[in-house]
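One chain is shown next in structure tokens, namely the form predicted on its own.
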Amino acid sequence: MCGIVGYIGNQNALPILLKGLEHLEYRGYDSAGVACLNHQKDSLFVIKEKGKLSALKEQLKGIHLLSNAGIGHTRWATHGEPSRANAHPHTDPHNRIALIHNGIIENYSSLKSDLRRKGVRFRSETDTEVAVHMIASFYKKGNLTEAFRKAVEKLHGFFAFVVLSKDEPGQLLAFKRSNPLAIGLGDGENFIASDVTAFLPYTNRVLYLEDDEFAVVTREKVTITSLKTGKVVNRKPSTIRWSISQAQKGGYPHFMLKEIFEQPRVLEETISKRLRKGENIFFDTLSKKIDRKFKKIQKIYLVSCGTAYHAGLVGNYMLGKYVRIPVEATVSSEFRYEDPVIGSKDLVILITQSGETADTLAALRLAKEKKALTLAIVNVVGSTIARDADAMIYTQAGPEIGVASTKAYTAQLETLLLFTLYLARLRKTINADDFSKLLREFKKIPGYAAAVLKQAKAIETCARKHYHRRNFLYLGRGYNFPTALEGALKLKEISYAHAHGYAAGEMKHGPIALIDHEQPVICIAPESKTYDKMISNIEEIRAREGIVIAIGTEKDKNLMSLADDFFSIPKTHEVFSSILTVLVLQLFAYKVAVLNGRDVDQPRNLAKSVTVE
């Protein structure tokens, strides 16, 4: 979850590292630090600070350092509280070697005990410091790569490292196991980062490290070696097709707000890319061989975490209805430990924005061990899950910087719906007329999304009434039960208010006890087969003087009369409604958070990519 960046070349390293950390701060913002070669003093210059990157920048004011190699880190704390001592980079006792780390060293405690018995003194509470002391214990001058290899062989867990040494200043060393690392290829300079956004201002040519691979990175070349075989790995670079401007705010006060308003465009671009020649759904990443396997599957598992899990729940409804096959949506961390009964006749769909989520990656590996067919629905091109799955579909959302997911979620819903119709057509479980009607309606969804977002001022007015409240209840049914869960999650993530999503039919089984004249209840009730049931739930809330904030189909006078505040979506087929209703909830959460003075893009204790368990 931490952010890693490294640079070696002809330019001054420090400004490049700081710029890279700006693009990586969404991965963690408990502390930040840099280590650079100080050529004037033949030493390592190391500085780190607790808090956000701005605190580190403040410490660097007035410091003029000329260095052509360095590493930088922004931290999401795992072992040890946020503090200057626990911030990265960590160094060996002689300040010869500096190391930055993303992930967890599972056997750090026993290794730390061994090192202490040998007289090593630790300056932090982190597991990371063990790694740099291990390297130092094996190091003989002129052979840093071998010392790094020996240290890594002793470490258990999932991690990415980048190492810099004053004794071997012409290189950076890197290693990846599970956690992401990419190498940017420049002209007389090279970069290392946990996300390509850190070096995209300088190059769009990238090499992705695979698990258990070392990289020796100099100004002129990159050498990748397999830990298992010891052989050099030859790999062609990939080209990033999007620009750094897509990862900037573009005049909006927050990335989250920008990304909310990008959703109509993302929906439109996905439809235009996926719908070819009238009524054919096209996935350029799926082969005829995979299609033949899709025809034979007997059960589908949707495996994901957080917001992506809510997308999986919506996918559960979609796939069950149109593909007529048993479907089960589950949280990645539960899937991997429940010893699922899966095999070669099952399809496991992994849904993830980053493609690096630790539990989802572990679930993928478990599914492959059990010979299940795996499909990744992922946003980040070249990510580990995208590379390791049997097949993958990119969601086309573009870079999402706000920690609380918005456009990536609706892109996941859209992709799941397209895949559902694709699979239903492939397996002949949908007739031609229904297929055509759904596609015609699908093409209207981007315009409908734009119409929903035009209610932003009214949503802000509603948020002003309730932003001071600390408890919210969200209710939905069918396709919009997961929307209730997602709406509640958004509010929790960025406003820190307590919010709970429920299936509305469960209200009388407990949550109704919460309802009084101070309890806001967000009721998601567009036209659907459960509409009348939702109206009954709303009547029960009103009978107990609860505050009703309703989302329904436009011109629904009945719902308007029952609600204290009403927001509408255009009339559409129920299967599309969750793409539209969630837009209101995203904006509501955003407005409540801003009115409470929260850091919307970087909410406390969270990080964009969860690469540790």
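Quick caveat: nothing in here was measured; it's all calculated off a predicted structure. Throughout, we count residues from 1 along the sequence that is shown.
What follows is about the form predicted in complex with a small molecule, which we do not show.
Contact annotation: the small molecule lies within 4.5 Å of heavy atoms from the stretch 350-358 in the predicted complex, the single such stretch among 350-358, 317-325, 127-135, 164-172.
Shown alone here, K490 lies within 4.5 Å of the small molecule in the predicted complex, counting heavy atoms only.
Within this chain, S405 lines the site of the small molecule in the predicted complex, having a heavy atom no more than 4.5 Å away. Contact annotation: T91 falls outside 4.5 Å of the small molecule in the predicted complex, judged by heavy atom distances.
A residue is said to contact a partner when one of its heavy atoms sits within 4.5 Å of a partner heavy atom; P446 fails this definition for the small molecule in the predicted complex, lying far away. Only one of A386, M534, A308, A424 lies close to the small molecule in the predicted complex, with a heavy atom inside 4.5 Å, and it is A308.
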